[in-house]
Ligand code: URA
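First, one chain by itself in C-alpha cells, the form predicted alone.
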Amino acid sequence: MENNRIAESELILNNRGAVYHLDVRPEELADTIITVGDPDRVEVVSKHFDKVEVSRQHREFVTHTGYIGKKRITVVSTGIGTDNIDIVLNELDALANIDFASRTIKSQLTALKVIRLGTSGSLQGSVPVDSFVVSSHGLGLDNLLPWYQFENTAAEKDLLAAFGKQVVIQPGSAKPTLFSASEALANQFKDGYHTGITITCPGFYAPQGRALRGKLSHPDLLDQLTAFTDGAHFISNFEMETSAIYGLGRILGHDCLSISVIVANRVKKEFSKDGGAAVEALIQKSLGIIEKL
C-alpha cells in the first residue's frame, strides 16, 4: 500500500486538510461544478443559490458550494488560461477521487459534472454578439495536453486531421489537440444555444489574431479558422480554457461541457454593449437546466 501512497510534494494539502490551490476539502465539493474565469463572477452565480454553505478563496480561486432547491452545486473560478485549468481540474479530481487520509486513489471513482460558463469571441457572422454557444469540441492551440497520455476517438482524429489540412500552424508554435464534449450534457443545452467547435488559444492577443505593436506570426489565422469546415463541423468561437477542460475531463473520467456567451464578433468587428447583462442572461438560462441535471 505504501508504494501507492501519493507523496506530500505531489498532493499538497494545507493545514486545514484542504487541497493547496483551491483551499477546499472533499466534503466542501459538490458533484456538479460550474467553472467561471473571473473570481468576481462566482458570486454572480451563487447569488441565485437558495443557500451557500461553503465560501473559500485562495489567490484567484474562489469557491462557493450551495443549493438550488435540493440540487447541490459548486461554482469555482479558474482564472484565465489552460495552465490554470490544469490546476483546477486536477485538484477537483483529487477532492473527488483521492482519500486524503491515506493519500491513495479511491477504489470507487466519482465522475464529476463540470460545466464552464464563460465569455468568448465569435468567428462566424451567424453567431452574433450576446448569443450562447455550446462547444461541441475543444480544439487546443496551446501545449498543455501533450504532457499527458490520452486517447482520441477515430472521429476526433479525423476532425483534427481535417483541421491540419486547412489551418496552417507554423512549426514550433503548437501541437493542436481536440476533444469532444460530454454528449449527455450537451444534449441538455439545445434550445437557444448555438453549437460549434471552440478553439482554445494560449493568449489573448497574437494567438487570437490581435496585433497592437507586436507583429503576428500567423496573420491569416482568423480567416482560416472562420473558413474551416468538415462535413457539418465548423469553428464557432475561440477562448482560452475549453480544450483543457475537455482533455483533462477525458483523462480523469469526468463529464465536461463548455458554454460561452459571445461578447465579441471578430468577423463583424462588434463588441457587446453590455457584457455584464449578457453574462447574467447566460447564467440564468443555464442554471435553470443545471439544477435539473
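Heads up: residue numbers just count along the shown sequence, starting at 1. Since this is a predicted model, take the numbers as computed values, not measurements.
Here the subject shifts to the form predicted together with the ligand, a form of this protein not shown in this document.
Task: Exercise: Met240 in contact with the ligand in the predicted bound form, heavy atom 4.5 Å - done: Contact with the ligand, yes.
Task: Contact label in the predicted bound form: Arg210 to the ligand, heavy atom within 4.5 Å - done: Contact with the ligand, yes.
- [ ] Report whether the minimum heavy atom distance between Val263 and the ligand in the predicted bound form is within 4.5 Å.
- [x] Answer yes; at least one heavy atom of Val263 falls within 4.5 Å of the ligand in the predicted bound form.
Task: Close approach of Phe204 to the ligand in the predicted bound form, 4.5 Å, heavy atom - done: Taking the distances in the predicted bound form, the answer for Phe204 is yes, it comes within 4.5 Å of the ligand.
Open item on the list: Give me the residue from Ser120, Thr195, Gln124, Asn84 that has a heavy atom within 4.5 Å of the ligand in the predicted bound form.
Closed with: In short, Ser120.
- [ ] Name the stretch: of 148-156, 68-76, 112-120, 177-185, exactly one has residues whose heavy atoms fall within 4.5 Å of the ligand in the predicted bound form.
- [x] Contact criterion met by 112-120 only.
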